[in-house]
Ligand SMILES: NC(=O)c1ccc[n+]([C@@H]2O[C@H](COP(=O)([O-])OP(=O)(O)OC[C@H]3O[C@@H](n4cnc5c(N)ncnc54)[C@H](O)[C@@H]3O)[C@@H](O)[C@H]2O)c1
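Presented below, as structure tokens, is a lone chain in the form predicted alone.
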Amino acid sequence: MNRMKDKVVIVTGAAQGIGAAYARALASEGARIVLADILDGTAVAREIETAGGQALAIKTNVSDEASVAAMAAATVERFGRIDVLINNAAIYASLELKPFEQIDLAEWDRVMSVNVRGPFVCARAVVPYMKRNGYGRIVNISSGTPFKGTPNMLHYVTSKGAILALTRALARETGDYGICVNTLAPGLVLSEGVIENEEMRDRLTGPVIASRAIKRDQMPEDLIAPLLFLASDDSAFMTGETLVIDGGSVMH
């Protein structure tokens, strides 16, 4: 499979969990991967290279302009260009479910800094390189929660709603440069983080599955084919759109 052959793809939040699954899948399709994460992504990069791919792990704080600019420059230095950005890094599974009036301002700001500021900062850093080549794909990762108004996660839901708006506006500004910007919106995925957060898993899994037309747990593997579609030339005439993948809980 060579759908992404020689494309240079940055995946934020790729040191573990769903981001790592995205990175492995893109590499298996021939992409050269940059794993941008505040955590150490060396193990995933080594795994990709052992399988015959090319990967570079760069410690990156997506909310920090200088850190992201350095990551983009290092990507171009190593691979010569930037073709695709997967804005996956986000604060989610570590959150405690609570009524909105119990969310303190520091926690609100921390979620917004990573989940909203992060994709903005990353897009602003990579788009000039994409414009230079007249080509680019940006896939912003949102969630099914903005369509439901999921309670007890107001900061997270708000941040993921902002991603829908960011995608639409950015698509308008970059379309003339051959750049497509779309959103992938997963449902509740049994990622490593969700499995480790017993409260989140126990309180949300049952009701979410009951709301789905396809009544089973969603796994990271369920997102791979849609992600590859949005990151590749298969979606070359699609921009500003949101693809919800959640087993029919949200029918958007």
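Counting begins at 1, following the sequence as shown. Every value quoted in this text rests on a predicted model; they were computed, and no experiment measured them.
Although not depicted, the form predicted together with this ligand is the subject of the following passage.
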> So, in the model of the complex, is V62 in contact with this ligand at a 4.5 angstroms heavy atom limit?
Replying inline: yes
>> Can you work out whether G41 and this ligand are in contact in the model of the complex, taking contact to mean some heavy atom pair no more than 4.5 Å apart?
In response: no
> Do A90 and this ligand come within 4.5 Å of each other in the model of the complex, heavy atoms counted?
Replying inline: yes
>> Can you tell me whether A27 touches this ligand? I mean in the model of the complex, with a 4.5 angstroms heavy atom cut-off.
In response: no
> Of these, I179, V126, M71, I141, which has a heavy atom no more than 4.5 Å from this ligand in the model of the complex?
Replying inline: I141
>> Exactly one residue in V194, I209, I224, L56 has a non-hydrogen atom within 4.5 Å of this ligand in the model of the complex; which is it?
In response: V194
>> For a quick test of understanding: in the model of the complex, does each of G13, Q16 and V189 have a heavy atom within 4.5 Å of this ligand?
In response: yes
>> Please identify, from 96-104, 126-134, 76-84, 152-160, the stretch that has a heavy atom within 4.5 Å of this ligand in the model of the complex.
In response: 152-160
